[in-house]
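In the form predicted on its own, a lone chain appears below as C-alpha cells.
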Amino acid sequence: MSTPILQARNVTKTYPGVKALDNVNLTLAGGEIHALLGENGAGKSTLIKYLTGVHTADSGSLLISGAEQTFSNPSESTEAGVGVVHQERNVIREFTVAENIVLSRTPKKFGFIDWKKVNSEASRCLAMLDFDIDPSTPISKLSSAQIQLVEIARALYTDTKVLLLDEPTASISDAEAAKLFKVIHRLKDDGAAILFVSHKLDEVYAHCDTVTVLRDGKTVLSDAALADHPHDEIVNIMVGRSLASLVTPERSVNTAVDPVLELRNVTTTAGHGGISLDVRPGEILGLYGLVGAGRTELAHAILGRERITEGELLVNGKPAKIRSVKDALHDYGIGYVTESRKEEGVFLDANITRNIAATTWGKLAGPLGVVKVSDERALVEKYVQELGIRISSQDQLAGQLSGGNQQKVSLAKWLAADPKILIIDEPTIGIDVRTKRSFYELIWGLADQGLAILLISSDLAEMITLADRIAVMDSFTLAGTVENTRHYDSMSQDVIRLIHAKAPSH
C-alpha cells in the first residue's frame, strides 16, 4: 500500500436513538481508488460528513498526511485538501455554473471579484470533464445530470489530496460516467487518494483497488484488496447473510382492459412533440432514454407541472385537466415518487409521521376536520413495517435518515394516499443491493394489485427486469415501444437501436 493520506480511527457518532458510526476505521492511500460499501443506513454518508467537517464525532481521530486534524466546518476540510461530491446536489440555483465552481475560493483582485479568472478557472475544471457548457449559464437551467457534473468540477477546482465521491454516477448517463472515470483515474495517477461510494458493484470492480465495508455503523471489512473478495462475498459481507438470487416473476397484463392513463399525440411546453402512450391497470410501463431525453419532463406534464399545448391526456378514458400535483392525486388518483427525494420527495425538517401521513389528512379527518394522532400513527406504522423503513421512532426527522430510507418514506407517502396510477422516477438511485431487491418485489406487488405504474429509470438492466413494456424516448419524442421479453441481450439491442434510430413512432 502507498503512504496513507487520510486515516480515520475508531470514529463513533451517535444521533438520538441511533449509533450511526461505531468505532469505524478507514485508511486512504495516495494513488488508489478505495471503495466504501454498505447498505443504506450503514453509515457511509455519516462518515463522509465527519471527514468533511459537516459533523463532529463523539470520539475517534482523523489524520491527514500523518497530522491529526479536527474539522469544525467544511471550509476547514477544503483547506486541508479534502474535496467532496455529495450524493445529493449541493448547489446555489440562483448562481451561475462558474460561481458555483469557485464558491469556496472565489478569485479576487484589488478586493473585488476577478470575474475573468472566475470564468477561466471554471472553464479549466469543466474542460477536465469534457463538459462543454458556458460557465455563465445559470444552474437553474441545468438538468440533474449536468448539476452533478458541476459539483464534480467544483471538487476539481480545489487542490485536493483526497477526493470523496458519494454516489457520483447515480444521476448521470453512462457516457458522462465514462468521462468522470477518466478524470478519476487521472487524479489517481497524480497520486490523489480517492474514496468511491457506489451501489453499482460493476463500477466498483471495474475501477476500485481496495475496499472497506460498513454494516450497521461498524467496519466489517477494512482496507482490503478488492481483487481478493468476489462479488457475491462482498454482497454477503454487506448484508450479513446470503441472499437468494432474484427470481423475476411471470407476469401478464390483461390487454383487453382499457388503459387507465393515455396520452394521445401530446405536445408540451417542455418541448415534447407527438407523444402517444398508454398504461393499463396492473401494467408496468417503462419510460427509458438517455439523460435529457425528456422522461421526467413528460411525467411533469402529466402532473400539470408542464402545460400540454396539443393532444389529449385521458384518465379512465375521459379527458383530464390537471393543473397541479394536488389535482393529479385528489381528482385523478395519480401519485408521483420523484427522483429528487431531498428537494421534493420528503420534508427533511419534519418527522416521519408528518411525511408519510401528509397525503392522507383529508381521508383521516373526522367530522370537524381533526385528524386523530392515533389514526395517523397507525397508518404510518403500517407502511414503516411493510417497506422496512429503518427509523428510531416516528418522531425522528426525515433528514436524519439514510438516502434509501428517505426514498422509502417518499414512496410510503404516495402509497398511503391509495393512488390508482403511480409514476415512479428513478426508484433505486443510491439504493443498496438488498433494498433495491425489495423495491423490485414491492413494485411487482403493487402492479399485481391492479396499480398502473409508469416507471422511469436510467438503468437498462433494471428496466428490463421490472417493466412489461418499454417506451423509449429520444430528444423529447417517442422513438418506439417494445414488449419486454426479459432476455437482456436482445432487449438491450432493441432499446439501443430505437434510441439511435431517432424515428418517432408508436
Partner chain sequence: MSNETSPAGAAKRRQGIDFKRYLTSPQFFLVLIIVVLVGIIGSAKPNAFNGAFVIAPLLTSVAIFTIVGLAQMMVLSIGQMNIAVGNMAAFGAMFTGLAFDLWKMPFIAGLLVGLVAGALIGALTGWIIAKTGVNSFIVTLAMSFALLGLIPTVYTTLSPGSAFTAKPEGMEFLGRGTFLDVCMAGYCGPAAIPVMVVPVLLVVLLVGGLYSKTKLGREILLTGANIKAAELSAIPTNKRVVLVHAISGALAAFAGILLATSTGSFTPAIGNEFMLQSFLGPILGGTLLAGGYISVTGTFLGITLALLIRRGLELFGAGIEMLNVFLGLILLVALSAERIRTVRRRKPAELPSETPPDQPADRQALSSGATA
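Residue numbers count along the first chain shown, from 1. Rigid core: the largest C-alpha set superposing within 1.5 Å between the two forms. Remember, predicted model here, so these are calculated numbers, not experimental data.
There is another form of this protein, the form predicted together with its partner chain, and it is not shown here; the text below is about that form.
Please determine whether Ser198 contacts its partner chain in the predicted bound form, using a 4.5 Å cut-off between heavy atoms.
No - in the predicted bound form, heavy atoms of Ser198 and its partner chain never come within 4.5 Å of each other.
Since only the chain is shown here, I'm wondering whether Arg280 would be in contact with its partner chain in the predicted bound form (any heavy atom pair within 4.5 Å).
Contact with its partner chain, no.
Any chance Asp331 has a heavy atom within 4.5 Å of its partner chain in the predicted bound form?
Although its partner chain is absent here, Asp331 would stay clear of it in the predicted bound form, with no heavy atoms inside 4.5 Å.
Can His229 be called a contact residue for its partner chain in the predicted bound form at 4.5 Å between heavy atoms?
His229: no contact with its partner chain in the predicted bound form.
Quick one: in the predicted bound form, does every one of Lys179, Arg251 and Asn484 get a heavy atom within 4.5 Å of its partner chain?
No, the candidate spot makes no contact with its partner chain.
Heavy atom within 4.5 Å of its partner chain in the predicted bound form: which of Leu314, Ile133, Ala416, Val325 fits that? Just give me the one.
After the contact test, the surviving option is Val325.
Between Lys188, Arg305, Arg215, His207, only one gets a heavy atom within 4.5 angstroms of its partner chain in the predicted bound form; which residue is that?
Spelling it out, the residue with a heavy atom inside the cut-off is Arg305.
Among the candidate stretches 314 to 322, 229 to 237, 123 to 131, 361 to 369, which one is within 4.5 Å of its partner chain in the predicted bound form when only heavy atoms are counted?
In the other structure, the partner sits against 361 to 369.
Which residues, if any, of 26 to 43 lie within 4.5 Å of its partner chain in the predicted bound form when only heavy atoms count?
Asn40, Gly41, in sequence order.
So with the core overlaid, does the Cα of Leu442 end up 2 Å or more away between this form and the one not shown?
Leu442 C-alpha, core-superposed: shift of less than 2 Å.
Examine Val380 after superposing the rigid core and state whether its CA is displaced by 2 Å or more between this form and the one not shown.
Comparing the forms between this form and the one not shown, which are aligned on their rigid core, Val380 does not shift its C-alpha by 2 Å or more.
Relative to the superposed rigid core, does the CA atom of Leu214 travel 2 Å or more between this form and the one not shown?
Yes, because once the rigid core is superposed, the C-alpha of Leu214 moves 2 Å or more between this form and the one not shown.
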